[in-house]
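Here's a solo chain for you in structure tokens, the form predicted on its own.
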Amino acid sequence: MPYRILLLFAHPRFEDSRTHQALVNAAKEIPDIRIRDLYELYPDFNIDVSVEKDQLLQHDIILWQHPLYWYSCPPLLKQWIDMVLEFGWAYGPGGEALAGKYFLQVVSSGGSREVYSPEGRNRHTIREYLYPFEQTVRLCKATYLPPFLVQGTHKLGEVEIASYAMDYTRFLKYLQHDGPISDLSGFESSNLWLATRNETR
């Protein structure tokens, strides 16, 4: 039975993002992936918590797709996390609604992998900046999967962006049908895991 995937997309300037347009279009080509554009749904930030909870319950794998904004996510996604993942529902006593589900971030950054490194200007990897999200998922008794990263977006050409979109398509299809998802554990990013699959083909 295929995993049911929910893609929660948050980009306040989607029309200006070549990278995220390519990634979203790639996801749209895959049947049965549910895509929800949070900035389109909630331009006033008035999130319908009951609808969002119902969407979470209907899916097995939840993707948070967003650009990295000041080492975190855009404000609407943060508000979504604050409001939807409620105490007593998602975590805490009786908070079992998300237990056993999988969460994964799809993140773009203007800075390159070299910039996001212990030796680089930002002093930490993107994975390290995402630790609060990982801990949030763990608190909800769900499994956090290695993020899919697109870095150095300001310098990417159309061919490179198309290559990332193709990798994203392959990755989503794997999550949806192939498994086992446990194969991703131990990798810094889903991209590195994909690279090992390319090498073993």
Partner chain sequence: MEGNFLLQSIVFLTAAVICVPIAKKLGMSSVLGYLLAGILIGPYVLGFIGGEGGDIMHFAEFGVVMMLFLIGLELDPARFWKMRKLVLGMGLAQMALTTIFLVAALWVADWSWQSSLAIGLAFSMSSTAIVLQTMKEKNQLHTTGGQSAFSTLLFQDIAVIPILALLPLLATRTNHLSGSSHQLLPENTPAWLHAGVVIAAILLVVLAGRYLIVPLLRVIAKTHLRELFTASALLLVVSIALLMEMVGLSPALGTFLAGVVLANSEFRHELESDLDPFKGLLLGLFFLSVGAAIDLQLIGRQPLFFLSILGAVVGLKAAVLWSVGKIFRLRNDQNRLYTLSMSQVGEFAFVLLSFMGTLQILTGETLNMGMALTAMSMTLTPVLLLINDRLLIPRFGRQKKEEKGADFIDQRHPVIIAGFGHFGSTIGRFLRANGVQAVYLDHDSDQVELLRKLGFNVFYGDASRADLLEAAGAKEARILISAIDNPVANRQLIHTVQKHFPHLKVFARARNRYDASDLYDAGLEEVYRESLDTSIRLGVDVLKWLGHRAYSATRSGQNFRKYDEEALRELLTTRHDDKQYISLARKQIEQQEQLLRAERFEKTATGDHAWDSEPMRQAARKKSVE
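Since we're looking at a predicted model, the values are computed, not measured. Residue numbers count along the first chain shown, from 1.
Another form, the form predicted in complex with the partner chain, is not on view; read the next lines as being about it.
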Fill in the blank from the handout: Here the chain appears without its partner; judged in the predicted complex, the stretch of 153 to 161, 130 to 138, 57 to 65, 169 to 177 with heavy atoms within 4.5 Å of the partner chain is 153 to 161
Exercise for the section: Decide whether E29 counts as a contact residue for the partner chain in the predicted complex under a heavy atom distance cut-off of 4.5 Å. Expected result: no
Practice task
Flag D48 as yes or no: does it have a non-hydrogen atom within 4.5 angstroms of any non-hydrogen atom of the partner chain in the predicted complex?
Solution key: no
Practice task
Check whether H11 has any heavy atom within 4.5 Å of a heavy atom of the partner chain in the predicted complex, and answer yes or no.
Solution key: yes
Handout entry: Contact test, all of E86, G100 and Y144, partner the partner chain in the predicted complex, heavy atom 4.5 Å
Key = no
Handout entry: Members of 14 to 46 lying within 4.5 angstroms of the partner chain, judged by heavy atom, in the predicted complex
Key = F14, E15, D16, R18, D37, Y39, E40, P43, F45
